[in-house]
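Only one chain comes next, encoded as structure tokens, the form predicted alone.
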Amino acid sequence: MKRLAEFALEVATNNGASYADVRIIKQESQLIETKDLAVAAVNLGESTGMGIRVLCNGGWGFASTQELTKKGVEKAALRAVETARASATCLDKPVTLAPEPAYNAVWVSPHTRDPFAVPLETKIGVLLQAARIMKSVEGVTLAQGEMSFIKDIKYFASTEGSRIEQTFIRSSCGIVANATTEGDRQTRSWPNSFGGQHELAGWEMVEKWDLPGNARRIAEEAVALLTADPCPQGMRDIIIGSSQLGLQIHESCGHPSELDRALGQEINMAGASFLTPDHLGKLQYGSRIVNLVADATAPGALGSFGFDDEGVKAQRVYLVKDGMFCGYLSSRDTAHLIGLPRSGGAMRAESWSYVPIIRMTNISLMPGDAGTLEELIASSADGTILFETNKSWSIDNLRYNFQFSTEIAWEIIGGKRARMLKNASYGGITPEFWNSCDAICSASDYIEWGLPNCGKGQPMQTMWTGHGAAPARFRNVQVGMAHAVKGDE
């Protein structure tokens, strides 16, 4: 494979490319789904291919192939050069790449047990054990479970001299309890909704999240929600749980800080950004305790790596510091457009068959000093509402106006969770919302949540991102009854 990468670089440069890079990716995947006490799906997959990206006459070209022979690679490299020549004729200015050292490196994501070495029967057994516990709770009408495991072996080579091999192991697990009456349906998920938790880790993460150990609690909560009071409407102080806050960060900070969106270069798949470059260093995005970072070095977080898909070493970049908007997710060809000396290392592609574009890494809210979630609840005024586990969301193309609903909420009375609430939602305007943040829990309650299916681009690419967060409190936020809103990536 490495010889084919060298051959691809040679063909590209011999035919006029001033720069070229190659990614060869071999992927193995496994998806397991259960419904009640039956296995609903076991999908096994393998994929290997090469993506070739070139600069010629100042324009980008890209081509990919699964025909990993000299003939197939040569054909793809020539097609990439031809595309670059054509794209160069449409540019006002040639592409300029920010400098980056050449690296010779090997990187492996942290894990203690390869999930592909764990028998399929063991994995199914965990899901069915959780299902039996959920189904034993009267009122539960459907118990669902899911696990997925992906191993990517990626080799990167460029004409600048980088030769990088990376191995990624991504694991996920989750269960869902559904309770239904003639006029209502309620759902509770663990550890998170939409497939559960996703990490750059091995089988040990499944054991850590203990699906059977949490099955009865979420089943009982799903049934209790059927008779719970609806969320009241009005302005309230709210506390947002860690996993829900992770999605809030994804939508209202991660996407608008993508520099290609902010520059108007990428407005497909839910749009542009209100964080245009004239706001950089000037917009009070949040209160002074709000610090948001893009950190591709966070161990075990889903958006981590050793190097991005154009060979830029992983780094930690502030997007918001002490409440001030101060940074973007950038690439080698966009960095200079806002005066950056180096790429922020945010270029990634879904697979070998897609060209890299600017994507989120781990966009995270740094912990505060408000103690544990229970301590934050104890310090909150009567009537504060605690929101947990996302149910749906909607946000405009500029990432400015939003609404989120959660599976469950509680009204806080006397410093404790009191009344359970169903169909709870909250909404607001992004900078107003983040400026209302007055307390963030401490590092003990900080979790790196994984989101595996962030959509962007045309043709659309899905990407795995991470979002670290501890629960936080926000003052005077609009709350109310959730409506049927589909999540908008």
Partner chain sequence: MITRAQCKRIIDLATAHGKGECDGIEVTISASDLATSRFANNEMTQNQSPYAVAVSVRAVVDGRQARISANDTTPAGVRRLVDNAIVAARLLEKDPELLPLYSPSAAGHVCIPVNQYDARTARCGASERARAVAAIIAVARASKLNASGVFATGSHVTAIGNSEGLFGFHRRTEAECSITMTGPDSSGWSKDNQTRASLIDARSLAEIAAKKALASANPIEIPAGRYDVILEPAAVLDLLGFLWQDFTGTSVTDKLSCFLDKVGQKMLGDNITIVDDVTNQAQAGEPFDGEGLPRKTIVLVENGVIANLVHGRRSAARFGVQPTGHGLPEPSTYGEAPLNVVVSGGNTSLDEMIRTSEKAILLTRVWYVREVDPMTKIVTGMTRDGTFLVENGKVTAGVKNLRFNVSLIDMLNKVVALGRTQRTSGEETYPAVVPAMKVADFNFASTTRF
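Residue numbers count along the first chain shown, from 1. A quick note: this is a predicted structure, and the numbers were derived from the prediction, not measured.
If you look for the form predicted in complex with the partner chain, you will not find it shown, but the lines that follow are about it.
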Looking in the model of the complex, any heavy atom of residue 43 within 4.5 Å of the partner chain?
yes
With heavy atoms only and a cut-off of 4.5 Å, decide whether residue 56 touches the partner chain in the model of the complex.
no
Look up in the model of the complex whether residue 396 has a non-hydrogen atom within 4.5 angstroms of the partner chain, and give yes or no.
yes
Can any non-hydrogen atom of residue 149 be found within 4.5 angstroms of the partner chain in the model of the complex?
no
So which of 198, 391, 332, 188 reaches within 4.5 angstroms of the partner chain in the model of the complex, heavy atom to heavy atom?
391
Tell me, which of 235, 106, 90, 117 has a heavy atom within 4.5 angstroms of the partner chain in the model of the complex?
90
Is it the case in the model of the complex that 71, 305 and 362 each bring at least one heavy atom within 4.5 Å of the partner chain?
no
Counting any heavy atom within 4.5 Å as contact, can you tell me which stretch out of 375-383, 106-114, 134-142, 211-219 lines the partner chain in the model of the complex?
134-142
Heavy atom within 4.5 Å of the partner chain in the model of the complex - qualifying residues of 358-375
none
